[in-house]
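Given as structure tokens, the chain that follows is alone and in the form predicted alone.
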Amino acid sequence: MGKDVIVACDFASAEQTFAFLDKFTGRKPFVKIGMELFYAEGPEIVRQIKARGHKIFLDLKLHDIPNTVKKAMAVLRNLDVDITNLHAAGTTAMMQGALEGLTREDGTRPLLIAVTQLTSTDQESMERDILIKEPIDQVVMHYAKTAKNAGLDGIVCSPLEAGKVHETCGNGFLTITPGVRFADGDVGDQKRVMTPAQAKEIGSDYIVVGRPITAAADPVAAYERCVAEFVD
């Protein structure tokens, strides 16, 4: 898959989600289904959105003991999503177990991506709350290398870190970057942000965009603007 804009469908119900997706009568966006929507509607929402022709990033950020994650991924692999993820902090054994569970009998599987540090985390909160004292970019690169060595396809990271991830892990190691905002938009609760054009320039493979599209007066126009700045 090439560069793409992934729209974060962070809605509380199927009704709200389909009211949003119904606006897209042309190009069907790649969509992210996160915890809120998945926990509200269950696996059926994934099947319904997939049936409409959308690619899906199932963003559940699994983090548990290796055997539990392996079994959970063995269930998720049957939903035919394109990308799913877990927390790199779960260790190499957990990531390898996830890959094993995610791989179908025919050898195919969704892309598996690791979360490093959330874009709402900054150096101060990382040191204060989780007692990690190293510089945040060093922490992210360590997580990235660990994920690559475990056999994963890429990481979720800040767009500020995407270029360095490619330098460290190679251009084939994917970077999925939230924390993207338009230059004239509100950054919300994100602390490490970048515009779509800047994310393209620095080498992000996918950008995840939520409120700048979903809360826009014209979501389709906002989506097309994102695509124009990042992909075209």
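Sequential numbering from 1, following the sequence displayed. Please read these numbers as outputs of a predicted model, since none were measured by experiment.
Not on display, but discussed next: the form predicted together with ligand C5P.
Peer 1: In the predicted bound form, do Pro66, Ala74 and Gly101 all put a heavy atom within 4.5 Å of ligand C5P?
Peer 2: Looking in the predicted bound form, the three residues Pro66, Ala74 and Gly101 all stay beyond 4.5 Å of ligand C5P (heavy atoms).
Peer 1: Go through 37-45, 197-205, 66-74, 175-183 and give me the stretch that gets within 4.5 Å of ligand C5P in the predicted bound form, heavy atoms only.
Peer 2: In short, 175-183.
Peer 1: For Asp10, is any heavy atom within 4.5 Å of ligand C5P in the predicted bound form, or not?
Peer 2: Judged by the heavy-atom cut-off of 4.5 Å, Asp10 is in contact with ligand C5P in the predicted bound form.
Peer 1: Would Leu86 sit within 4.5 Å of ligand C5P in the predicted bound form, counting heavy atoms only?
Peer 2: Contact with ligand C5P, no.
Peer 1: Mark His54 yes when one of its heavy atoms lies within 4.5 Å of a heavy atom of ligand C5P in the predicted bound form, and no otherwise.
Peer 2: His54: no, not in contact with ligand C5P in the predicted bound form.
Peer 1: Although ligand C5P is absent from this view, report whether Val156 comes within 4.5 Å of it in the predicted bound form, heavy atoms only.
Peer 2: The answer is yes: Val156 has a heavy atom within 4.5 Å of ligand C5P.
Peer 1: Taking only heavy atoms into account, state which residues of 106-124 are within 4.5 Å of ligand C5P in the predicted bound form, ordered by sequence.
Peer 2: Stretch hits: a single one, Thr119.
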